[in-house]
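Okay, here we've got a single chain as structure tokens, the form predicted on its own, with questions on binding and movement later.
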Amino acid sequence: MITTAIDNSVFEKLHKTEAWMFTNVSALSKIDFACPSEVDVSVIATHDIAPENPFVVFVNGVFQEGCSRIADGISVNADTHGDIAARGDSLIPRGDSSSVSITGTHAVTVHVLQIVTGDVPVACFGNVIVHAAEGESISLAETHIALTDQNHVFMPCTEVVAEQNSNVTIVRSIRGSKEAYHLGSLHVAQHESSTVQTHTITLGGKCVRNEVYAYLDGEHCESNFDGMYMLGKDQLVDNHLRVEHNEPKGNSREFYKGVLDENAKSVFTGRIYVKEDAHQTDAKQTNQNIILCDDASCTARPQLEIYADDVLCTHGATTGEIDEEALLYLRSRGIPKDAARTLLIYAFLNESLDELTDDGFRTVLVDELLSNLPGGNFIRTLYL
């Protein structure tokens, strides 16, 4: 059994650093965290989205062998940490947990379920290592769920190595309790002509920090980092990205969008770094938000750091409200007010969900999204 050992004082001063200036997690320094606990097997079964796919289950950072389905190329506890995270300046604590390593080509998506639960606050970690060798393709879905309304803190770290001509797709969803803290990081190293596509979907959590550190270390790399979030009462999400173009002719896209209501807050910080001689880099970052009430807010901090000529680097951010003319049009066609409002929200967010290639995971996320919106049942009859 892995026990949780964490120095709470690390949380006390994080918000005093520039990178965390909008995200205050100092309350965690005052919490006495418990050791990991167990969860009923039937609960795990309800989150087994794809029963035919490989399935790796952690509960509070501890591997659950009896509930998992391990395929060739998947190993548990073979490695504790990769070495990519050391390249970045993340301040999120690293700690002991069960870890899963994924290699080789997989015909279907590998599902990693990380559950955090307990009647008292729990602090735990989750380590995932993905290594796609030359020409291999790996699709991974990470589901992070906090089950109880406690001030749990979950700190998952995923490290990805994409070798030449490989392809990696990752969907990370944060769901469940709106009282838990989620401080997660994704570290990516790409080599020549590799492709990495990631989707980070935030539907739960009191305070969520999603960090991405990407290193395009070969020519002709393709990188796409997408995010979607829908937040309500007093929730906060902080999406923090740094994408480094270290070789010529690399393309990267950061596209994050969300809907904010009831004093919810979002922060987007995206830094594009282009190294000297990394010519013909094409990089773009976009952050779009819809604000549903006066006390919700968003902060966008796009940053470009360029040391090469012959590059195309752009950034943009937009914030707006529900289009009243579109709302009036839908109501004039007999759609109830709540359903019409939800339909416009769904159309805005669905651009991110529609890009998910695995139907099973997309259906679950769309269903949860609509369950949190008034009039969602009406929209469900149209789309599901």
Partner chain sequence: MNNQANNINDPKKAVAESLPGGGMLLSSSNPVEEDTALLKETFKEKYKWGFVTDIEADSAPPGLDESTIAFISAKKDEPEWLLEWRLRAYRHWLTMEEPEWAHLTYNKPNFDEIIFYSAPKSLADGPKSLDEVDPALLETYKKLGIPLAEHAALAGVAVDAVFDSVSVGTTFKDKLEEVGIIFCPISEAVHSHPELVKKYLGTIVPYSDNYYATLNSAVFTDGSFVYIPKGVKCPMDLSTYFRINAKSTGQFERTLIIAEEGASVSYLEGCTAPMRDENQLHAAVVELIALDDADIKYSTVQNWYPGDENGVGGIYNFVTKRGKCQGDRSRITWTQVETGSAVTWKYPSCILLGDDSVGEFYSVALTNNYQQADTGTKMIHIGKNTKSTIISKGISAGHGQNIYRGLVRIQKGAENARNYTQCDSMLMGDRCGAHTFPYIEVKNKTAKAEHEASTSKIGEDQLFYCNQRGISTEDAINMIVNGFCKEVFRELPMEFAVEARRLLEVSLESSVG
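Just so you know, these numbers come straight off a predicted model, no measurement behind them. Positions refer to the first chain, counted from 1.
Note that the form predicted in complex with the partner chain isn't included here; everything after this is about it.
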- Partner-facing stretch of 319-327, 26-34, 65-73, 49-57, counted where any non-hydrogen atom is within 4.5 angstroms of the partner chain in the model of the complex: 319-327
- Message: My question is simply whether Asp295 lines the interface with the partner chain in the model of the complex - judged by any non-hydrogen atom within 4.5 Å.
- Response: yes
- Task: Indicate whether the partner chain has at least one heavy atom within 4.5 Å of a heavy atom of Thr299 in the model of the complex.
- Result: yes
- With the partner left out of view, is Leu304 within 4.5 angstroms of the partner chain in the model of the complex by any non-hydrogen atom? yes
- Message: Taking the partner chain as it sits in the model of the complex, is Ile145 near enough to touch it, meaning that at least one heavy atom pair lies within 4.5 angstroms?
- Response: no
- Query: Does each of Phe22, Glu276 and Ile291 have at least one heavy atom within 4.5 Å of the partner chain in the model of the complex?
  - Reply: yes
- Task: Sort through Ala78, Ala86, Val120, Leu312 and report the residue having a heavy atom within 4.5 Å of the partner chain in the model of the complex.
- Result: Leu312
